[in-house]
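As a starting point, one isolated chain is supplied in structure tokens, in the form predicted alone.
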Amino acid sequence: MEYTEFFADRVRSMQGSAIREMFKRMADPEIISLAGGNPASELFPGDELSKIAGKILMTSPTLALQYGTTDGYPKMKECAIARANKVNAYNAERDAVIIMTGANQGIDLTAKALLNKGDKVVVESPSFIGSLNAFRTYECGLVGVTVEDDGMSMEGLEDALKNNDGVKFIYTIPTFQNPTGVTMSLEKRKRMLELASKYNVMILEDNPYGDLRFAGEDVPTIKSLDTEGRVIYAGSFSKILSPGMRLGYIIADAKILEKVEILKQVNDVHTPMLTQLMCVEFMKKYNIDDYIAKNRELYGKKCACMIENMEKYFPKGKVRWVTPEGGIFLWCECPTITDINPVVDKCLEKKVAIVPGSNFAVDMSAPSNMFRLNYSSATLENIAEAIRRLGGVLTELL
């Protein structure tokens, strides 16, 4: 049976993430993956969480297994607010918080609440494919603005806002951006707020990596600079505790989240109570900042290992990158070619997986000479070996 005629118009042209497709090709245990975005599994507090889960199910089974409220378990909301307060991303007089089944759900439902067919969203170019696909689902236009070494181009942003009618919001990952790893400067964050106010658009600030700084100085969140209630802030526990627990949150003016909460109720009723309770108990029993510090230390070592081997094995003058100060990604550009796909394919033959830059583009069909590397999930030994192999491919094909 042919099903094409049954698909909604809004999904006909959508493409799946090549990263997920690549995972299917990586069943070979010999492949070293630098392609994903997984946190370091060796740091997961498995023993602690298993004991916490067991105790919860023994002592509070009804609370853990029954329906919960759509906006989130109250003590879990307190945990989210506590994390947001560390970066001044919560205004107690104006804001509300909703616990989401991962920050991606919050981004998707925020888009659903704000976007009509034909509206536009200004996005960084390149940007996170999960969010781009969420926006595409609501049949909006994506307007890409170049990411520079210190974040989105503000000249490009003003041009985009000036020359495009119907822009509803700007989507940005200002700290350790996915996929580039760069951090937006304080001056640009202030300028983005000025432009959003001038052209009367919202800002959706996505900050899943902000806790993972291993070098440099912290930069204030855009939300902390907002005096108009113009910024919607997405936070996550995926990169600091466990991605599999699917815990994220959205903070914004209560009038906005009133609509988002209704959409979440339709979507999944509520975020699972068991994982919320596990997170609350972990945060109460252990110092999450000590745990985050271990992540920072390890990611700093892994990033340094990757760059050391890139400098050793990559062909001189053929690959450009910006050294990140945190997060889990490193972005590379090959100025002498136009299409990175032959490199990606050859790497798979050499048992190394990387992600082509086209995955993160507004126009995914356009050729890209860029690729993303992840240093959080592989071991130090595998990072060194993978970069050695990748360097050999780049030397051969560039």
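In this text, residue numbers run from 1 along the sequence as written. Predicted model only: the values in this text are computed from it and were never measured.
Omitted here: the form predicted together with a small molecule. The next part is about that form.
Checklist line | 4.5 Å heavy atom contact, residue 214 to the small molecule in the predicted complex | finding: Contact with the small molecule, no.
Notebook entry, point to check: Does the 4.5 Å heavy atom contact test between residue 173 and the small molecule in the predicted complex come out positive?
Noted result: Output for residue 173 is yes: heavy atoms within 4.5 Å of the small molecule.
Notebook entry, point to check: Using heavy atoms and a 4.5 Å limit, would one call residue 104 a contact residue for the small molecule in the predicted complex?
Noted result: Yes.
Notebook entry, point to check: Counting only non-hydrogen atoms and a 4.5 angstroms cut-off, does residue 73 reach the small molecule in the predicted complex?
Noted result: Output for residue 73 is no: heavy atoms all beyond 4.5 Å of the small molecule.
Next item on the list: Please name which of the stretches 183 to 191, 239 to 247, 307 to 315, 140 to 148 has residues with heavy atoms lying within 4.5 Å of the small molecule in the predicted complex.
Entry: Heavy atoms within 4.5 Å of the small molecule in the predicted complex occur in 239 to 247.
Item checked: Contacting member of 275, 178, 125, 295, with respect to the small molecule in the predicted complex [4.5 Å, heavy atom] -> Flagged contact: 178.
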